[in-house]
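One chain comes next, on its own, written out as structure tokens in the form predicted alone.
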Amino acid sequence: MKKIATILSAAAMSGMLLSTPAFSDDRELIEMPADVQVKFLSQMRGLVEALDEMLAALEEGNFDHVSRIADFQLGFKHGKWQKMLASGMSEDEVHAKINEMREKLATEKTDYSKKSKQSPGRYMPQNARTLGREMHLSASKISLIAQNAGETPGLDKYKEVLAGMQGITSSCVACHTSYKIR
């Protein structure tokens, strides 16, 4: 009797699975060459890893490390900063360059919506590039908050950094909800 019930149950489940409509993925397709796609997906994984590392640094109360992760791994031109580090420049030297760039950006109107010839962003629609820009801006804001947190950051600084992190993740969610690549 138990064997019959198992068979009937399995048959019913098979019928439900076969009659369930397939998942529909209506996100906008962004086509890019395979080599660019591999680079792009690697960059996206790197961003998630950096966000995880930033959360760990925040948990430890290490706001200096939070700032450096935000700039070196998530902020504008983070690839350029990583190359400078790899070439032997110290983190302090590179961080000084980042802050110089920030000051320059505050006085000049730079259009980051342009497609870079070195970036997978050249394949992205404008809205996807805008989401990426917002993510990088959130990282830059986090870095500044962390740099100015003082020796013993209070709850308000933790909340500001977390709000910035939410700015990063909301950009990620919006992009991944709207787009897929192939």
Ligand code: HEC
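Don't overthink the numbering: it's just position in the shown sequence, from 1. In this text the structure is predicted, and so the values were computed from the model without any measurement.
What comes next is about the form predicted together with ligand HEC, which does not appear here.
Residue in contact with ligand HEC in the model of the complex (any heavy atom within 4.5 Å), chosen from 55, 144, 47, 137: 47.
Although the partner is absent here, residue 40 sits close enough that one of its heavy atoms falls within 4.5 Å of ligand HEC in the model of the complex.
Within this chain, residue 128 lines the site of ligand HEC in the model of the complex, having a heavy atom no more than 4.5 Å away.
When ligand HEC is considered in the model of the complex, residue 51 lines it closely, a heavy atom lying within 4.5 Å. For residue 74, a non-hydrogen atom is located within 4.5 Å of ligand HEC in the model of the complex, even though that partner is not displayed. Using a 4.5 Å cut-off on any heavy atom, the residues of 163-182 that reach ligand HEC in the model of the complex are, in sequence order, 168, 171, 172, 175, 176, 179, 180, 181, 182.
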